[in-house]
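Okay, so here's just one chain, in C-alpha coordinates, the form predicted alone.
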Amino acid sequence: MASMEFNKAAAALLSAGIAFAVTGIVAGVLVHPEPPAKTAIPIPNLTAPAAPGAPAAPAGPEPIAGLLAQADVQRGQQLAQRNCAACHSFNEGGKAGVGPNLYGVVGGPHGHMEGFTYSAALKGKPGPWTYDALNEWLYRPASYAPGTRMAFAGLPNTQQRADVIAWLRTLSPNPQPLPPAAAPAPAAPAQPAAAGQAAPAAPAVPDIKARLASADAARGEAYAKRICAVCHTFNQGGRAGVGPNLWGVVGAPHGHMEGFNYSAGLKGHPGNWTYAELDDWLRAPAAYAPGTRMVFTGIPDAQQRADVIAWLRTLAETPAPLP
(Lines give C-alpha, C1' and ligand atoms only; values in the text may rest on other atoms or scores of the structure.)
Protein backbone atom coordinates (compact mmCIF):
# COMPACT_ATOMS: atom_id res chain seq x y z
CA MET A 1 0.00 0.00 0.00
CA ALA A 2 2.85 2.33 0.95
CA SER A 3 4.73 1.59 -2.28
CA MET A 4 1.67 2.54 -4.34
CA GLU A 5 1.43 5.97 -2.60
CA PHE A 6 5.14 6.56 -3.26
CA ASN A 7 4.67 5.70 -6.95
CA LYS A 8 1.80 8.19 -7.21
CA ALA A 9 3.91 11.01 -5.69
CA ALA A 10 6.84 10.30 -8.00
CA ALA A 11 4.54 10.23 -11.06
CA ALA A 12 3.07 13.62 -10.06
CA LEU A 13 6.50 15.23 -9.77
CA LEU A 14 7.60 13.79 -13.11
CA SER A 15 4.45 15.05 -14.83
CA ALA A 16 4.94 18.56 -13.43
CA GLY A 17 8.54 18.68 -14.67
CA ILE A 18 7.53 17.58 -18.19
CA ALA A 19 4.75 20.21 -18.25
CA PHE A 20 7.18 23.06 -17.27
CA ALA A 21 9.69 21.98 -19.92
CA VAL A 22 7.09 21.81 -22.69
CA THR A 23 5.73 25.25 -21.66
CA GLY A 24 9.22 26.80 -21.91
CA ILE A 25 9.78 25.36 -25.39
CA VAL A 26 6.41 26.61 -26.67
CA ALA A 27 7.02 30.11 -25.18
CA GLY A 28 10.42 30.31 -26.90
CA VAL A 29 8.82 29.53 -30.27
CA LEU A 30 5.95 31.99 -29.93
CA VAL A 31 7.68 34.98 -28.19
CA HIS A 32 10.75 36.84 -29.55
CA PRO A 33 11.79 39.49 -26.97
CA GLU A 34 13.80 42.52 -28.16
CA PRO A 35 15.61 44.99 -25.85
CA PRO A 36 14.06 48.51 -25.87
CA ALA A 37 15.85 51.24 -27.80
CA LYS A 38 16.01 53.41 -24.62
CA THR A 39 15.08 53.03 -20.98
CA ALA A 40 11.54 53.90 -19.98
CA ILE A 41 12.85 56.01 -17.05
CA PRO A 42 15.98 58.04 -17.80
CA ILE A 43 18.71 57.70 -15.11
CA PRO A 44 21.02 60.69 -14.76
CA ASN A 45 24.75 60.17 -15.19
CA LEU A 46 26.12 60.86 -11.75
CA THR A 47 29.69 61.18 -12.99
CA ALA A 48 28.94 63.60 -15.79
CA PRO A 49 30.96 66.84 -15.74
CA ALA A 50 29.38 69.95 -14.32
CA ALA A 51 27.40 72.12 -16.69
CA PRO A 52 29.33 74.93 -18.34
CA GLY A 53 29.48 77.98 -16.12
CA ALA A 54 28.93 76.06 -12.87
CA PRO A 55 31.43 77.09 -10.16
CA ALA A 56 34.12 74.49 -9.47
CA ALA A 57 34.70 73.24 -5.96
CA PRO A 58 37.64 75.02 -4.32
CA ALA A 59 40.89 73.07 -4.71
CA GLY A 60 42.34 74.36 -1.43
CA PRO A 61 42.30 77.17 1.10
CA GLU A 62 41.99 80.81 0.13
CA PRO A 63 45.27 82.74 0.54
CA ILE A 64 45.67 84.79 3.72
CA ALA A 65 48.54 87.16 2.83
CA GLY A 66 46.14 90.07 2.44
CA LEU A 67 44.41 89.30 5.76
CA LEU A 68 47.39 88.95 8.10
CA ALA A 69 48.14 92.68 8.33
CA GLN A 70 44.70 93.40 9.81
CA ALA A 71 44.19 90.06 11.57
CA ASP A 72 42.79 90.10 15.10
CA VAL A 73 45.63 88.66 17.19
CA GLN A 74 43.56 88.48 20.36
CA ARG A 75 40.78 86.57 18.61
CA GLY A 76 43.42 84.24 17.17
CA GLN A 77 44.72 83.58 20.68
CA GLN A 78 41.23 82.81 21.91
CA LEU A 79 40.60 80.43 19.00
CA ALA A 80 43.91 78.66 19.53
CA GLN A 81 43.46 78.29 23.27
CA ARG A 82 39.93 77.00 22.79
CA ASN A 83 40.71 74.55 19.97
CA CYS A 84 44.38 73.68 20.39
CA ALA A 85 45.32 73.95 24.09
CA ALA A 86 44.04 70.45 24.84
CA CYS A 87 46.99 69.06 22.84
CA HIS A 88 49.57 71.89 22.62
CA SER A 89 51.42 74.32 24.87
CA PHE A 90 52.45 77.78 23.65
CA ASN A 91 54.96 79.17 26.16
CA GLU A 92 58.69 79.30 25.47
CA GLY A 93 60.26 76.00 26.55
CA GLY A 94 56.84 74.49 27.24
CA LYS A 95 56.40 70.74 27.37
CA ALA A 96 54.76 68.68 24.66
CA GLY A 97 51.32 67.23 25.17
CA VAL A 98 49.53 65.09 22.65
CA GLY A 99 51.02 67.56 20.16
CA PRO A 100 54.26 69.57 20.25
CA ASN A 101 54.85 72.93 21.92
CA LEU A 102 54.15 75.68 19.37
CA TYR A 103 56.49 78.45 20.53
CA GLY A 104 58.55 79.56 17.51
CA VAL A 105 56.58 77.43 15.06
CA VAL A 106 56.19 80.20 12.43
CA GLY A 107 59.33 79.99 10.33
CA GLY A 108 60.55 76.87 12.12
CA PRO A 109 61.00 73.45 10.45
CA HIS A 110 58.01 71.13 10.22
CA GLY A 111 59.45 68.98 13.00
CA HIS A 112 60.51 72.02 15.02
CA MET A 113 60.29 70.63 18.57
CA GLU A 114 63.31 68.55 19.43
CA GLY A 115 62.45 65.19 20.98
CA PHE A 116 58.81 65.13 19.89
CA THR A 117 57.73 62.07 17.88
CA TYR A 118 56.20 63.57 14.75
CA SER A 119 54.43 61.41 12.20
CA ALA A 120 56.56 60.54 9.18
CA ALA A 121 53.98 62.31 6.99
CA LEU A 122 54.61 65.64 8.74
CA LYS A 123 58.28 65.37 9.63
CA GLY A 124 59.09 64.50 6.03
CA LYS A 125 57.67 67.76 4.73
CA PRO A 126 60.49 69.88 3.29
CA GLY A 127 61.13 73.49 4.23
CA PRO A 128 59.89 75.61 7.15
CA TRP A 129 56.43 76.47 8.38
CA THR A 130 55.76 79.41 6.08
CA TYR A 131 52.52 81.40 6.28
CA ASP A 132 51.24 79.54 3.20
CA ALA A 133 52.16 76.15 4.66
CA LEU A 134 50.41 76.94 7.96
CA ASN A 135 47.37 78.15 6.04
CA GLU A 136 47.13 74.84 4.15
CA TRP A 137 47.79 72.82 7.32
CA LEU A 138 45.15 74.56 9.42
CA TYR A 139 42.65 74.40 6.56
CA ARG A 140 42.75 70.60 6.49
CA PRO A 141 45.62 68.78 8.26
CA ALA A 142 44.78 65.36 6.82
CA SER A 143 45.02 66.73 3.26
CA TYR A 144 48.24 68.64 3.88
CA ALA A 145 50.02 65.64 5.41
CA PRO A 146 48.15 62.37 4.69
CA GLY A 147 48.87 59.98 7.52
CA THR A 148 49.27 62.68 10.16
CA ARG A 149 48.24 61.82 13.70
CA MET A 150 46.69 65.28 14.11
CA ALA A 151 43.06 64.65 15.07
CA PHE A 152 41.86 68.23 14.47
CA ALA A 153 39.71 68.41 11.30
CA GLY A 154 40.72 71.96 10.38
CA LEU A 155 39.56 75.59 10.26
CA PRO A 156 37.50 76.21 7.10
CA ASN A 157 37.03 79.92 7.88
CA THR A 158 39.77 81.94 6.13
CA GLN A 159 39.73 84.91 8.52
CA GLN A 160 39.94 82.62 11.55
CA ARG A 161 43.02 80.92 10.08
CA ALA A 162 44.60 84.34 9.52
CA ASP A 163 43.82 85.35 13.13
CA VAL A 164 45.34 82.16 14.57
CA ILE A 165 48.48 82.40 12.40
CA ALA A 166 48.90 86.09 13.29
CA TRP A 167 48.87 85.09 16.97
CA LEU A 168 51.24 82.14 16.45
CA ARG A 169 53.58 84.66 14.83
CA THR A 170 53.85 86.52 18.14
CA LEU A 171 55.19 83.39 19.89
CA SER A 172 58.79 84.29 19.15
CA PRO A 173 61.43 86.76 20.35
CA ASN A 174 61.90 87.76 16.70
CA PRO A 175 58.59 87.34 14.83
CA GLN A 176 58.81 86.55 11.14
CA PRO A 177 58.16 89.46 8.74
CA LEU A 178 54.66 89.54 7.37
CA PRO A 179 54.26 88.49 3.74
CA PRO A 180 53.54 91.25 1.24
CA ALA A 181 49.83 91.64 0.56
CA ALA A 182 48.57 91.24 -2.97
CA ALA A 183 48.84 94.41 -5.02
CA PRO A 184 45.53 96.30 -5.20
CA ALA A 185 43.64 96.36 -8.45
CA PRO A 186 44.54 99.34 -10.63
CA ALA A 187 42.25 102.28 -10.07
CA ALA A 188 39.96 103.45 -12.82
CA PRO A 189 41.43 106.38 -14.75
CA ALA A 190 40.35 109.73 -13.36
CA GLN A 191 37.83 111.63 -15.37
CA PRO A 192 39.20 114.94 -16.70
CA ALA A 193 37.86 117.99 -14.95
CA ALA A 194 35.38 120.10 -16.83
CA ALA A 195 36.76 123.18 -18.53
CA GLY A 196 37.46 125.92 -16.00
CA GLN A 197 37.18 123.55 -13.01
CA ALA A 198 40.07 122.27 -10.90
CA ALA A 199 40.22 118.56 -10.10
CA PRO A 200 39.02 117.88 -6.52
CA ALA A 201 41.88 117.40 -4.07
CA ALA A 202 42.07 114.43 -1.73
CA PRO A 203 40.69 115.28 1.71
CA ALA A 204 43.48 116.30 4.07
CA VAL A 205 43.96 114.36 7.29
CA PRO A 206 43.70 116.74 10.28
CA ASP A 207 46.88 116.96 12.32
CA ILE A 208 47.11 115.12 15.62
CA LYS A 209 46.26 118.27 17.59
CA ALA A 210 42.88 118.63 15.86
CA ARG A 211 42.15 114.92 16.12
CA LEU A 212 42.99 114.78 19.82
CA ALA A 213 40.54 117.62 20.49
CA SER A 214 37.69 115.39 19.34
CA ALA A 215 39.17 112.04 20.38
CA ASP A 216 37.13 109.46 22.28
CA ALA A 217 39.39 108.08 25.01
CA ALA A 218 36.87 105.39 25.99
CA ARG A 219 36.82 104.11 22.42
CA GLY A 220 40.61 104.19 22.39
CA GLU A 221 40.71 102.14 25.58
CA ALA A 222 38.36 99.52 24.12
CA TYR A 223 40.52 99.27 20.99
CA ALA A 224 43.82 99.07 22.92
CA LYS A 225 42.54 96.41 25.32
CA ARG A 226 41.24 94.35 22.43
CA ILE A 227 44.30 94.63 20.17
CA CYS A 228 47.31 95.64 22.30
CA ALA A 229 46.69 93.74 25.54
CA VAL A 230 48.01 90.54 23.95
CA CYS A 231 51.54 91.99 24.23
CA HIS A 232 51.34 94.92 26.68
CA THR A 233 50.18 95.75 30.19
CA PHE A 234 48.82 99.19 31.10
CA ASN A 235 48.71 99.40 34.91
CA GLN A 236 51.23 101.38 36.96
CA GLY A 237 54.20 99.13 37.76
CA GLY A 238 52.86 96.37 35.50
CA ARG A 239 55.18 93.74 34.12
CA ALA A 240 56.38 93.53 30.56
CA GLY A 241 54.94 90.93 28.23
CA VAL A 242 56.03 90.49 24.66
CA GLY A 243 56.09 94.31 24.68
CA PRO A 244 56.77 96.81 27.47
CA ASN A 245 54.32 98.11 30.03
CA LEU A 246 52.73 101.31 28.67
CA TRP A 247 52.00 103.24 31.87
CA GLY A 248 53.39 106.76 31.50
CA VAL A 249 54.44 106.27 27.89
CA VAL A 250 53.12 109.65 26.63
CA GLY A 251 55.94 112.18 27.02
CA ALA A 252 58.46 109.53 28.16
CA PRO A 253 61.66 108.46 26.34
CA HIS A 254 61.33 105.91 23.54
CA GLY A 255 62.86 103.20 25.74
CA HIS A 256 60.83 104.26 28.75
CA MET A 257 60.50 100.94 30.62
CA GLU A 258 63.64 100.18 32.58
CA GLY A 259 64.93 96.65 32.04
CA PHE A 260 62.93 95.93 28.87
CA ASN A 261 64.96 94.74 25.89
CA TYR A 262 63.97 97.25 23.21
CA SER A 263 65.13 96.85 19.63
CA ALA A 264 67.96 99.12 18.55
CA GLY A 265 65.67 100.57 15.89
CA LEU A 266 63.29 101.90 18.54
CA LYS A 267 65.60 102.64 21.46
CA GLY A 268 67.87 104.68 19.19
CA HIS A 269 65.11 107.15 18.36
CA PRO A 270 65.99 110.52 19.91
CA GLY A 271 63.67 112.50 22.12
CA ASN A 272 60.44 111.50 23.79
CA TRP A 273 57.11 110.00 22.80
CA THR A 274 55.33 113.17 21.73
CA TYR A 275 51.80 113.03 20.38
CA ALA A 276 53.10 113.39 16.83
CA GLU A 277 55.70 110.63 17.38
CA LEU A 278 53.07 108.26 18.79
CA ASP A 279 50.81 109.03 15.83
CA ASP A 280 53.59 108.17 13.36
CA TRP A 281 54.49 105.02 15.31
CA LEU A 282 50.95 103.70 15.51
CA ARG A 283 50.35 104.42 11.84
CA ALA A 284 53.17 102.11 10.68
CA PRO A 285 55.63 100.80 13.32
CA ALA A 286 57.92 99.11 10.79
CA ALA A 287 58.27 102.35 8.82
CA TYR A 288 58.83 104.48 11.93
CA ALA A 289 61.55 102.22 13.36
CA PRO A 290 62.91 99.76 10.76
CA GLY A 291 64.06 96.61 12.50
CA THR A 292 61.55 96.93 15.31
CA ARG A 293 60.33 93.71 16.87
CA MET A 294 56.81 95.14 17.13
CA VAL A 295 54.59 92.61 15.34
CA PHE A 296 51.57 94.92 15.05
CA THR A 297 51.35 96.41 11.56
CA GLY A 298 49.64 99.67 12.53
CA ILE A 299 46.33 101.54 12.73
CA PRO A 300 45.48 102.99 9.32
CA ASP A 301 42.52 105.04 10.58
CA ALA A 302 43.80 108.46 11.71
CA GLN A 303 40.99 109.17 14.18
CA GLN A 304 41.29 105.71 15.70
CA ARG A 305 44.98 106.42 16.37
CA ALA A 306 44.00 109.67 18.08
CA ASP A 307 41.47 107.79 20.24
CA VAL A 308 44.15 105.33 21.38
CA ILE A 309 46.67 108.10 22.09
CA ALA A 310 44.05 110.04 24.05
CA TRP A 311 43.54 107.00 26.27
CA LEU A 312 47.30 106.31 26.62
CA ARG A 313 47.59 109.92 27.86
CA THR A 314 45.38 109.02 30.83
CA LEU A 315 47.86 106.34 31.97
CA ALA A 316 49.78 108.70 34.21
CA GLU A 317 49.40 110.34 37.60
CA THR A 318 49.74 113.69 35.83
CA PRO A 319 48.72 113.38 32.14
CA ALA A 320 50.84 115.30 29.66
CA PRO A 321 49.22 118.55 28.46
CA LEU A 322 47.36 118.34 25.18
CA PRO A 323 49.07 120.03 22.24
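When you see a residue number, it is the position in the sequence shown, counting from 1. Nothing here was measured: the structure is a model prediction, and the numbers come from that model.
Note that the form predicted together with a small molecule isn't included here; everything after this is about it.
Screening 95, 149, 239, 209 for any heavy atom within 4.5 Å of the small molecule in the predicted complex leaves a single hit, 149. Looking at residue 162, you'd find every heavy atom of it more than 4.5 angstroms from the small molecule in the predicted complex.
When contacts are judged by a 4.5 Å heavy atom cut-off, residue 255 counts as touching the small molecule in the predicted complex. Using a 4.5 Å cutoff between non-hydrogen atoms, residue 168 counts as a contact of the small molecule in the predicted complex. When the small molecule is considered in the predicted complex, residue 131 lies well away from it, no heavy atom lying within 4.5 Å. Relative to this conformation, an increase of 3 Å or more in the Cα-Cα distance between residue 225 and residue 72 is found in the predicted complex. By 3 Å or more, the C-alpha separation between residue 226 and residue 93 shrinks in the predicted complex relative to the form shown here.
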